[in-house]
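One chain comes next, on its own, written out as structure tokens in the form predicted alone.
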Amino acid sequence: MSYSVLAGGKRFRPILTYTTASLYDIDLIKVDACACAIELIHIYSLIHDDLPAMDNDDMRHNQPSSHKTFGEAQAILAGDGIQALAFEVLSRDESIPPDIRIELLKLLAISAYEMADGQSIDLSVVSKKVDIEFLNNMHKKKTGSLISCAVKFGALIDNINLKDSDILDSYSNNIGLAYQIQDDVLDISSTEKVLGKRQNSDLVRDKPTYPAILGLDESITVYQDLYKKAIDEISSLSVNEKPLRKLTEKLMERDF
């Protein structure tokens, strides 16, 4: 479990949770459990995604995948343990009122389920032709659900107003989809050293991707437009959105 959790990575989801919470001057100590829980769910999903029965990737974060180091059985158990740990960490944080903790746990459970559902759909369409609408709906679950959860975690702790909640919900949906399209592009355009995993992995497995349907240049335009739309949306928040805007701009420029 430690091998995968401490291996590195962008930590984008917990950073997103901390950043959203900071907009509302929330004591960030109260955010620690949420940030840890969201990252633990993400890491468990990566361990299982890398398994031979799923995406069959032998590198993750510039080191051999869990199953390459410990074997498939131990990798499955490590993922199971990390998933359970996410809920334990969040459930026992007494700095968060019990009623809010229940809502956070519910949201985490729903988001983890949506992520698994999206991965199931993804595996079911290997070597098949799908349209953009199908791909969008699939990735809103597979990738977008946890990103949306990360944003909502930062807002739920303070029980923010409905208008801001709606804005952040739309914002998270847009960056979640942008993030996945960008990943598809980087799988082709970046290097294995920068990515920390095998290049062209989606192409090798004949998985439907945005560049395969739209072309590389159009895919870049689409994800950049989604990020810009997300940045425009948060300008209407009742608080100073600058930290979240800067994070989104940095995401748009990432190369891994």
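From 1 onward, residues are counted along the sequence shown. Worth saying up front: this structure is predicted, and the values here are computed from it rather than measured.
FYI, the form predicted together with a further copy of the same chain isn't displayed, but the following is about it.
- Between 27-35, 41-49, 225-233, 210-218, the stretch whose residues reach within 4.5 angstroms of a further copy of the same chain in the predicted complex through a non-hydrogen atom is 41-49.
- Proximity of residue 162 to a further copy of the same chain in the predicted complex: non-hydrogen atoms within 4.5 Å are absent; the residue sits far from the partner.
- Not displayed here, a further copy of the same chain is approached by residue 1 to within 4.5 Å at the level of heavy atoms in the predicted complex.
- Contact check for residue 91: a heavy atom falls within 4.5 Å of a further copy of the same chain in the predicted complex.
- Although the partner is absent here, residue 106 lies within 4.5 Å of a further copy of the same chain in the predicted complex, judged by heavy atoms.
- A single residue from the set 186, 156, 116, 167 has any heavy atom within 4.5 angstroms of a further copy of the same chain in the predicted complex; that residue is 116.
- Of the residues in 151-166, none comes within 4.5 Å of a further copy of the same chain in the predicted complex through any heavy atom.
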